[in-house]
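Here we start with a single chain on its own, the form predicted on its own, put down as structure tokens.
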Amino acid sequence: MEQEQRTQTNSQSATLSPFSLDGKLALITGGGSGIGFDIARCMVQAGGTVVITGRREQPLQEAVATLGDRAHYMVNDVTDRPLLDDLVERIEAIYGPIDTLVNNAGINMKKPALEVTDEDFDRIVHTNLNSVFSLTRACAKRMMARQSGSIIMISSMAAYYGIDRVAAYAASKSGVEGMVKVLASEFSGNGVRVNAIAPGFIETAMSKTAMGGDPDRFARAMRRTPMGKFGQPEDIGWAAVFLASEAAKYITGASLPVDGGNSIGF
């Protein structure tokens, strides 16, 4: 039934705004809270259908109840890489082809580099880079066969310049930036665009925790942000809507800073 509705909606696409996601399905990892939830919310507002994933069912259920009828969820741990092909297969069997993948799920750790253990480093890179590649590959195989798709990575200011005490996180996000360029080069000729969004300092529970006990870090972040304030999660959400939409149909291999000017601030 849902696939039929999407087909009917697609027939009306010529009259829609190029920013509309009407008739499109997005898979958003880590979509139950934080930035992932707001990406899902903005995509639903733009007319899209979303499937959000995460490890804990209750936040996903609560998120879907808030997002409405065009939101669905599946419990999944992106670090369990052998199961990711099955996840994509199940989503497409139930809800139809995935038009957009948003690799949002990720973890951070603030610790001096000399105190970071091999296990710490591996855990961050496995979640933020290795798992992202595995899920991207699973989706891209199907997207390329259909000659259509948009893959959106979530990068970070930590991949743009040196931020102390986040060596593993910065390495993982720098890897994501490199992967965007390579995959865009390989996939774009088959109609699959690959881009990244690099959030600046966004007001989330995670950022409040990180900054709350480190006033010097907060002051430095604001000093080099020309707009002088934190961004909101929906700022990332609307950027994702743009990159997923037909309005961005000639954009691939790009990394879009959504940072109030932080990446160019002095």
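Just count from 1 along the sequence shown to find any residue number. Quick caveat: nothing in here was measured; it's all calculated off a predicted structure.
A second form of this protein, the form predicted together with a small molecule, is not displayed here; the remarks below concern that form.
The three residues 34, 56 and 201 all sit with a heavy atom within 4.5 Å of the small molecule in the predicted complex. Residues within 4.5 angstroms of the small molecule in the predicted complex, judged by any non-hydrogen atom, belong to 152-160 and to none of the other stretches in 152-160, 133-141, 89-97, 179-187. Of the residues 196, 78, 167, 129, just one reaches the small molecule in the predicted complex with a heavy atom at 4.5 Å or closer; this is 78. Contact annotation: residue 207 falls within 4.5 Å of the small molecule in the predicted complex, judged by heavy atom distances. A residue is said to contact a partner when one of its heavy atoms sits within 4.5 Å of a partner heavy atom; residue 83 fails this definition for the small molecule in the predicted complex, lying far away. When contacts are judged by a 4.5 Å heavy atom cut-off, residue 48 does not count as touching the small molecule in the predicted complex. Proximity of residue 107 to the small molecule in the predicted complex falls within the 4.5 Å heavy atom cutoff.
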